[in-house]
Every structure is written in C-alpha cells, then in structure tokens.
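Below sits a lone chain in structure tokens, taken as the form predicted on its own.
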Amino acid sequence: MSIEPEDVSESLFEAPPIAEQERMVEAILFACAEPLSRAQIETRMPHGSDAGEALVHLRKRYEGRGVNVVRVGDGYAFRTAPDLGFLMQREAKETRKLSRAAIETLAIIAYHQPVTRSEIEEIRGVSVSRGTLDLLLELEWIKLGRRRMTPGRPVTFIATQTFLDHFGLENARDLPGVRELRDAGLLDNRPPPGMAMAQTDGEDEDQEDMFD
C-alpha cells in the first residue's frame, strides 16, 4: 500500500511519545555540567517536542532519588540530593571564607540588583575595593549588568546563575534571611548594611521574613 504525500508530511513532523522525550531530556541534562534552559533543551530535540512537559515528568521521576532534577535560575540540571551532599565533601579540602567586605558586597548585590558600585558604597557606608569586586567576579558569583542611563553611565552588578547554583537556589526570591546566614556561619551578630532595607515597594509581603 502506497503512502499518500500528506501522510509522509505528518510523520516527518510528528513529535516522539512523551516517554521518549523524557528520555531525551534526561540524556541532554546528564551530558551537560551547566544548567540548560527549557529553550536550550528544546533546540536539541525533534520538531514538535515539548521540553516543558518532559521536564515535569522527569522531575517527578527523580523525586526521592540520590540525584534530583532541579531548577537553577531559568535552567535545569541534575544535582545531588540535598540530604546526601555530605557524601561529596572532601575532608582534605580547606574551606575558604570570604572577607566580611566581600560578604557584605555580595549580599548587597544579591538583594538590591542591579546595583552600581557607588550604590553599594552608599549602602555599606564605606568604599568598595577593586579587589573585593574582582574576587566575586573571579568566583563568577556576580557579573556586569546593564549600564545606568545616568551621567557617566555607570555599570551595574548582578548575581549570576553560578551564584544561585552554588547555594542551591532556584531564583533570587529564595535568598536566605539574615538569621539563616548567621546560623550558617557566614555572618556575625551585626547584619550587613542594607539587607534590612532590601525589600522595595511592590514586593510580596511574604518576603518580609527574609529580612528578620
């Protein structure tokens, strides 16, 4: 029996079954060390595929497993389950703590982004050294944002997806509050300047707990 032209056309553009799409997404994420956005995943899949639906099934399948499919910013990646993170620690590895100046600068950028250097200095009340910003840029926890459309067109700084990924955050709204930072040993009893002011007009009321 011959195949009509219209039948050939439909078969060429028919998306694979959702179970097969799920396997494709699994293979793509497994092969990539960096998080991939839904659009990036979809460009690697056959025409008509729905990476979003496949991700929903894949994330559900990996719930409770040793690795999970997690969202990092606008991307997705395989990550070790939070309760098993201790297995990945190297006893010989020395923890490198950031200076208080770096922690304050990072916190201000994360909570106030996009923010200029002069705005950081205004919030901290002291000048910001070039070395502090260079360190955070080297760690890839911050990056340059758009320039302000003001005299001098100063550059702004924003937190990166690498920063979110390192601290296991889905987006900036998941940033910990002062109390959580202090409990983690990242702060002493004096909160970084400006964090209590981080909530701006129009933000959801449920963010108030972040700045206790």
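Numbering starts at 1 and runs along the sequence shown. Quantities reported herein were computed from a predicted structural model and do not represent experimental measurements.
Keep in mind that the form predicted in complex with a further copy of the same chain is missing from the display, and what follows is about it.
When a further copy of the same chain is considered in the model of the complex, only one residue from Val56, Ala31, Leu144, Ala172 comes within 4.5 Å through any heavy atom, namely Ala31. Proximity to a further copy of the same chain in the model of the complex, taken as a non-hydrogen atom within 4.5 angstroms, holds for one residue of Gly52, Gly66, Gly48, Pro154, which is Gly66. Taking the partner from the other structure, a further copy of the same chain in the model of the complex has a heavy atom within 4.5 Å of a heavy atom of Glu20. Taking the partner from the other structure, a further copy of the same chain in the model of the complex has no heavy atom within 4.5 Å of any heavy atom of Lys60. Shown alone here, Thr80 lies within 4.5 Å of a further copy of the same chain in the model of the complex, counting heavy atoms only. Among heavy atoms of Arg44, some come within 4.5 Å of a further copy of the same chain in the model of the complex. In the model of the complex, the CA atoms of Gln40 and Thr162 move apart by 3 angstroms or more relative to this form. By 3 Å or more, the C-alpha separation between Arg44 and Thr162 grows in the model of the complex relative to the form shown here.
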